[in-house]
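Just the one chain here, the form predicted on its own, laid out as structure tokens.
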């Protein structure tokens, strides 16, 4: 079997094409694949559609999706949180969106997770009461079940998913730590190719207790161990 371990982040992202759709794990820092994002920024792919909890942080913190958006590499964002909560927290994303230079789809967080899960599970669509009567339901089918309205939502799938995990074995079985897990397991299932950056060295096959495997190796294609001088800040679980 071809090894899933890549020697560098640059090699792992080398074939990502312009116009790709990419899912990025991460929730307020933990689980954010910062090294893969940095490598993708250097690689130069543009016209990207990104699916993530947010379009990146505010200010000058550790690298995240904000870097790709600031560099003009992103065409469309699908996220649960998009707007700044205070005028002092505005980002390039806000300016680009208001100028019509980037598209954005706001999705309730639970619906975002379920659309990703549905994409990986092969579900064609599902109904949810979340968002009924709001802007997020505009243009979507609404049906009533047992006297309650539900809006039809479609699954989300991607060409690539980029994750951060605590450890893995050589078969690609991933284990996360604490809140680092967040969207990782469902994104791995919903993407054609999954890339994972790892906190520590790759273990031998069978070394991780099967009961402690959070993402089975069948859903993981490429892994890179974060070097000692890599971008570590805020990427682990809390």
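Residue numbers count along the first chain shown, from 1. As the structure is a computational prediction, the values presented were derived from the model and not from experiment.
Just so it is clear, the following notes concern the form predicted in complex with another copy of the chain, a form of the same protein that is not shown.
- Among heavy atoms of residue 177, some come within 4.5 Å of another copy of the chain in the predicted complex.
- At a distance threshold of 4.5 angstroms between non-hydrogen atoms, residue 76 is out of contact with another copy of the chain in the predicted complex.
- Contact check for residue 210: a non-hydrogen atom falls within 4.5 Å of another copy of the chain in the predicted complex.
- In the predicted complex, no heavy atom of residue 71 sits within 4.5 Å of another copy of the chain.
- Contacts to another copy of the chain in the predicted complex (heavy atom within 4.5 Å) from stretch 138-173: 141, 143, 145, 146, 150, 152, 154, 157.
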